[in-house]
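This document starts with one chain, in the form predicted alone, laid out as structure tokens.
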């Protein structure tokens, strides 16, 4: 097949490369002139034959909305836009409705695999009409792992990004559990080989996973993780997962706690814990302070 790829960063660029390796023709556009094939969306559309397929791999929010708005003026009825970023599923429905009057089709696709996807294949989670999904199926087949699996048509428009959102929420919880296990073992005098423990769990245990493989690899490179700062950003899907849980009255304590732990990681000195310290001092005389040479809190007396 021949398709356009908008956004040739770490994900989009590797996806385009994998598609080309599988025999598809990809016309790529990016703001970086070093990686793009055409200099504008208009040139990209001109380079494709109708009915066209254009896959977006740009940041969610205004970049995605702007690209869709511009493409809506350039594409023809029967053309298909695939939104492969991490848009909110509610926005997907708005996007599809806005394109419907022009006869432009729309799929939302959650993509998982990170920088390893080009080699190992991607997880592809699709939302949209069955006829549109079938039309793009050769592209999905090329992106998913060679040994099979890694693909679902999850439902109508919005379903692809909804299940990717839940996937990322689960990922938050799994990562937080590994992180807490690391800290606990590192703090305990009884464990001499924390990296070796994680390595041993990679085979034969119920917690073996790709995330565990990646953690073991990171610990091999830096056993104490001294080269990293304890700061974790959230990309939005964790917040949306928690909000969806609230909307549907579904308890999600592990995912919620993992999201809040990321918020806590960004605080140099927690205002909330300052309040706790102040209250303990007021009712129990448990005064604490910071020394100038040690960031850890130490008792005054």
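Numbering follows the first chain given and starts at 1. Keep in mind that this is a model prediction, so the values were computed, not measured.
One more form of this protein, predicted in complex with another copy of the chain, exists but is not displayed; see below.
Chemist: I'd like to know if residue 265 sits close to another copy of the chain in the predicted bound form, meaning any non-hydrogen atom pair within 4.5 angstroms.
Modeler: Yes.
Chemist: Verify the contact flag for residue 101: yes if a non-hydrogen atom of it lies within 4.5 Å of a non-hydrogen atom of another copy of the chain in the predicted bound form, no if not.
Modeler: Residue 101: no, not in contact with another copy of the chain in the predicted bound form.
Chemist: Is there a heavy atom of residue 131 no more than 4.5 Å from a heavy atom of another copy of the chain in the predicted bound form?
Modeler: No, residue 131 stays farther than 4.5 Å from another copy of the chain in the predicted bound form.
Chemist: Even though another copy of the chain is not shown here, does residue 141 get within 4.5 Å of it in the predicted bound form, heavy atoms only?
Modeler: Close contact is absent here: in the predicted bound form, residue 141 is far from another copy of the chain, nothing within 4.5 Å, heavy atoms only.
Chemist: Select from the listed residues 49, 62, 34, 247 the one whose heavy atoms reach within 4.5 Å of another copy of the chain in the predicted bound form.
Modeler: Answer to the contact question: 247.
Chemist: Looking at heavy atoms inside 4.5 Å, which stretch does another copy of the chain contact in the predicted bound form, given the options 231-239, 51-59, 64-72, 35-43?
Modeler: Partner-contacting stretch among the options: 231-239.
Chemist: Mind listing which residues of 175-195 have a heavy atom within 4.5 Å of another copy of the chain in the predicted bound form?
Modeler: Contacting residues: 175, 176, 177, 178, 179, 180, 181, 182, 183, 184, 185, 187, 188, 190, 191, 192, 193.
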